[in-house]
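Encoded as structure tokens, the following chain is the form predicted on its own, with no partner shown.
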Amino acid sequence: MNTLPEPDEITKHYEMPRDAWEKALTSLLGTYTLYAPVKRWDSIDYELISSENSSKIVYNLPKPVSPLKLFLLPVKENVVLDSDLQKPFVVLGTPACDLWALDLLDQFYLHSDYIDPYYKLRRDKMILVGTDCHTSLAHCHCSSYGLNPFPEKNQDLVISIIDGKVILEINSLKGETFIEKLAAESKLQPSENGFPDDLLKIRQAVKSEMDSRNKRLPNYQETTSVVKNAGEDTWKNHSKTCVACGACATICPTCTCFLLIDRPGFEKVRQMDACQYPGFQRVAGGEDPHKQHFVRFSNRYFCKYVFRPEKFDALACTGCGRCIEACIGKINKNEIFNELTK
């Protein structure tokens, strides 16, 4: 029997008090494994949620330190062992910049001729609850690349909290199934007025604030041109403080390079790799076309703004700003692009 109240014919928005939401969410922990953002000191990151910490989940704040890709592509895994993933898992509070990254990851790992079974299993088991960003951080710039700071694609549900009320929007069959289970444990009701006007105003305000802050930043197509036309001296100059730590690539929601490491017993381990590491492109005989530091540095920008957009119908940078925040050398790609477009 379907326990989900019928929504308006046009919309699929539901609402419930926040305390009822938290109680219902806890009741589903036996059916789903749940990850959600929790604030620790000055940062927000995903944690495994239990009844003990469910009340500490934060909503509508940008953005978890870890990108969504780590739920699909672990830093290290043995790819000849059967996965122990049994229950479906929910990733709650995923920002739009990470959701858009799935366009590229899915093309890599779910291509009809080369489906990655490990990625596919996790993708099938995953339920994505996207979240609006009700504020933005200093380096957020998704709107510069034509994206919005609220979920529009690849999510199963969208959650927003306003005035102590949880607003849920269903976007897929997986999302509908999850809501049906939630409704059996809660006071979930169709939203009386569809999507609240107050949330629309917040969305517009956050986008306007980002647009204003990044008004000098070139859009994606302009950045492609800037990167193509930048000379060798540009890359040498801006790579001076790069320490080749790889943080920019490993924290990026779309970077997906990996190594396959052979182990005794015909085992293979897939391990995250980064184009900034020395030896990244070294081949048999010791040849390395990217041996020079500035060449590796420039290659990352070419990959993001030239090579991948030419090959795939997806953005390779979604404007999350994590690479700027993670850089030990204090390299700000947005400042580089602003400088090159003066």
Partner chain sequence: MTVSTNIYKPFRARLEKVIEESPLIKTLVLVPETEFSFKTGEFIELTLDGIGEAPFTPSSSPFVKDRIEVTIMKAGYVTGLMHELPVGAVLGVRGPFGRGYPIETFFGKEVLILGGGCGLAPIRSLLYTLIEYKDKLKKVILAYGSKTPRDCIYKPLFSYLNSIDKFEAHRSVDIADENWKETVGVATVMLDKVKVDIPNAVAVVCGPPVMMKFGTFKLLEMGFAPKDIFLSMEKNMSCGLGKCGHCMMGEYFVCKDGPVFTYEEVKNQPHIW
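On a predicted model such as this, the values are computed, not experimentally measured, just so you know. Positions refer to the first chain, counted from 1.
Omitted from view is the form predicted together with its partner chain, to which the following refers.
- Checked against its partner chain in the predicted bound form, the residues K201, H111, K240, K187 give one hit for a heavy atom within 4.5 Å, which is H111.
- With the partner omitted here, the residue from G146, P117, P74, P88 that has a non-hydrogen atom within 4.5 angstroms of its partner chain in the predicted bound form is P117.
- Heavy atoms within 4.5 Å of its partner chain in the predicted bound form are found in one stretch of 76-84, 164-172, 149-157, 89-97, which is 76-84.
- For S66, no non-hydrogen atom is located within 4.5 Å of its partner chain in the predicted bound form, even though that partner is not displayed.
- Although the partner is absent here, N53 is not a contact residue: none of its heavy atoms lies within 4.5 angstroms of its partner chain in the predicted bound form.
- Using a 4.5 angstroms limit between non-hydrogen atoms, E47 is distant from its partner chain in the predicted bound form.
- Not displayed here, its partner chain is kept clear of T26 by more than 4.5 Å at the level of heavy atoms in the predicted bound form.
- Taking a 4.5 Å heavy atom cutoff to its partner chain in the predicted bound form, the contacting residues in 280-307 are F280, Q281, R282, V283, A284, G285, E287, P289, H290, V295, N299, C303, F307.
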